[in-house]
Each structure stands twice: as structure tokens, then as C-alpha cells.
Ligand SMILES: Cc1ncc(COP(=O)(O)O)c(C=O)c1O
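A lone chain, given as C-alpha cells: the form predicted on its own.
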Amino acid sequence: MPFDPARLAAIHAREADRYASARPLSAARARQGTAAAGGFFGGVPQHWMLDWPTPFPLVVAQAAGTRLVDLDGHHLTDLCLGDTGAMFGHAPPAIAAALTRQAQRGLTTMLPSQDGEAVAEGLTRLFGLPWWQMTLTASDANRFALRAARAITGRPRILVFDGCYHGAVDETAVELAPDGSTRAKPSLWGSAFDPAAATVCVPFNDLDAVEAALATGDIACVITEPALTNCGMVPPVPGFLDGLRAATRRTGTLLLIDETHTLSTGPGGWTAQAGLDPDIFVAGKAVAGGVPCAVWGFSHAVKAGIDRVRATLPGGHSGVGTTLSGSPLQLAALRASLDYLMVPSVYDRMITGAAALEQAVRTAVAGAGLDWSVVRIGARLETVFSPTVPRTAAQMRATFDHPVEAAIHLGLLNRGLLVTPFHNMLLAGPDLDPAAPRQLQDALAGILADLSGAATTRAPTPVPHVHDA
């Protein structure tokens, strides 16, 4: 990176001080949470809430559309949107209305509700798969789908791509070692088994490696995102996904497409937009407008295989599914999402906003004389610290500069823009303020000039705030 490390550290420290001095109420909450004899570990309900490069967590008082108000009354433009969970905006009116209605009718019954038929038809119409099941999270959906794939095929292993992310599924938490072997990610602590025994990992965009792995004949399923999204955004090279589909068909291997992040592509995700034909499809996070929900769909052939396996089982517990999955509450929210959120008009607004954000980033980067790239997938975009877009996770990792990333993220937050704490990813919601792209451009340009020493040190424009939040 073309930035002086000492200057970078000083700027980060200065931005951290500005953040802390502007948020006494969030700071008090953090002190109270970490000093307690019990309570939330780390002072937060979920440890990922500590991943922002801030001195202490930002406590949210209200979220609506693409705006947040923190506990200290600062108004922020949200370009993270709950790391996709609120991709269609916070508290969408259609979802809020559906939840209010369903709250009077019951939340969970372990029986079907009257929304079930409409939801199933809507999922098939949008994503193309004929058969569906519901879970609470995409992690659960992937876990159950992979078990189905192994049971149907009688094969013991799966194939994933280096840099993939499929939630908290142990056998997908692997990476390529320097010698080309598959090993568990360091983050997979406490696993009951070595996932390398059940999984083979190969580089994304490498059809030769896929062919070699599938030739062993023991791979039940290839699980992949259409584009890598968790190690930085790595798009498929032309022909890769088609070649992958052909290779899996030729070897009798099932293909699972996980679109939990790439739902940003357009209506129906990458699968619908590019005409993919997976055997199994998974989506979570945003599908029910922020209500915990995920779905997995499958072909007629997979359904026949599941029927065959289930016919050999005793009645009762199948080990696939959880009590709260498919609840009336989920179905009501999912139906509203299908009817009002995952529709072309909403996506048009999201993608228009994302294109404007992309241009803003490109302008700021070019103005700073940096040879960085920008990748956009529908409503999602990412800045890459490289003149070329990486083709593999290894190439993407080589571009990472975490101190620069952290300084930019914290600087943007102090200028009223919340971005995803992982990498340099932005997500445009449907209600993005038309002024937000210019706000981003000016803020990023100022931060980059400061990092390079081209700007005089000055306080950022104060973040708008209200005193009664």
C-alpha cells in the first residue's frame, strides 16, 4: 500500500478518539457490559458485533430503511445493512404489517399455516426449483441439504472452493494449505471431527481442479456461491459456472448453489439472472426481510432421492429440521417478502443506487491516484486493493491490507457512513438517499488524501444527530 505506516497508525488513533468522544452513551454501555460479573460475553449478544474497528460497539437506537440512529443520536447512512440480513432495508413496512397481523394469530405451531401454499408457489416462481423446505438460517439449510446429498448419492465427501462461506457448517469451514491439501480453517475451534476427512477444497475458477476432484467418484455434492463473497468478492470467469454444471452432471455429483449473499444480483439471484440449473438451492438472511428464515429448494430428482431415503427410516425424528422452522411467523414474513420486496421494482432501485455508489468510489480512488479495482454484483460492491480483479481466494488474500481497511471504515463511520466491517463491501438498499453517493465520494476522497498526506489534518464534517433519540 502507498501509505506510510506511522501516518496510518496516527490517523487511525485520531479517528478512534473522534468516534469515542462523540459517543459517551455507547461508551457507557460498553463499560457496563464488560465490567459486569455476568451478561453477554464481550458485552454484546453476538461476538461479530465486535468486528468493527471501533474502540467500543456502536449501540443502535433505531433502524429504518437505510438509516440508523445510534444511542447518542447520530444519524448514519447504512451501507452494511446487517451484512445482508436487512438487504431490502430495515423494518420494511410490508414485513412489519405481516408480523403485526400474524402476532394476533400465533407465532409457532409446528403445523402448516394458510400462507404455505402461496409461499411455495412464490419460491418456485422466483427461483425455479419445484420443491422447498424452510429453516431458521442458511447454515441450517446448507447442513440439511448436504446430509440429503450424501444420503441420496451414497458418497461420503463434498467439494467446496477455497475462500467459500456457507455459514456455520463444519465440513465447509476448510481452506487450501500451501501444499495444496485441504485443512480446517483456524476459526473452526472445537469441531467434533476433522472436516478435511469429509471435504475436498479446490481453487475457485479452476475447472481442471474440479474435474480432478470429481474423478475420484466419491464426491456427493459441490456446494458453491456463484461468486465468492466472504474472502472479498471474486466473480466467476466466463464459462466457469457452466463448466461446473457440466462436470457435476457427467460425474453424477449434485450441485448446490448457495445464494445467501448473491441475492443482490437481481430477482431470483444469480441463479435466475444467469439461468443456472442447480440440483439444490439455498438462500437465507434477507429472504424474509430480516426475520430469521432460510429456504432450500431442490429438483424433482433430488425429491425422489429424499423420498427413497425416508422410506427406509422409522417414523418420527429424521434429524433434519428444527422445531421453529416453517413457523407461521416465518411464512407470513416470507410471503410479504416475495410479494413486496424480492420484486423487479425494488431491485431496480437497489441496483441504481449501487451503480451510483460504484461511480463514487471509482471517482474518489482515481482522484487519489490509486490503481484499485471495484467489483459490483447487482446491489453489492467491493473495493479491491489491486489493479486487477482476483480470480481466486489466494489472489484476493494477497491484496488485503487490514490497517488501511480499518482506517477507511472508521473514517467513513465518523463521516456518517456505516460499512460492512469485513473487507470493503457496500450494499445499497432500496431507500438509499440520492445524496449518499456524493457523501461517500467526498468522505472517501478526504480519507484517502489524509492517508497519503495530500490533505491538511482537519476534523470531518459533523455527523447529523438529534438530541431526543
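It should be emphasised that the depicted structure is a prediction, and the values quoted were computed from it without experimental measurement. One rule holds for the numbers: they count along the sequence shown, beginning at 1.
Note that the form predicted together with the ligand isn't included here; everything after this is about it.
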- request: Heavy atom within 4.5 Å of the ligand in the predicted bound form: which of 376, 335, 285, 90 fits that? Just give me the one.
  value: 285
statement: Picking from 230, 253, 327, 77, the single residue whose non-hydrogen atoms come within 4.5 angstroms of the ligand in the predicted bound form is 230
field: Option from 302 to 310, 355 to 363, 214 to 222, 254 to 262 whose residues, in the predicted bound form, bring a heavy atom within 4.5 Å of the ligand
entry: 254 to 262
- prompt: Applying a 4.5 Å heavy atom distance criterion, does residue 235 contact the ligand in the predicted bound form?
  reply: no
- request: State yes or no: in the predicted bound form, is some non-hydrogen atom of residue 340 no more than 4.5 angstroms from a non-hydrogen atom of the ligand?
  value: no
task: Verify the contact flag for residue 138: yes if a non-hydrogen atom of it lies within 4.5 Å of a non-hydrogen atom of the ligand in the predicted bound form, no if not.
output: yes
task: State yes or no: in the predicted bound form, is some non-hydrogen atom of residue 167 no more than 4.5 angstroms from a non-hydrogen atom of the ligand?
output: yes
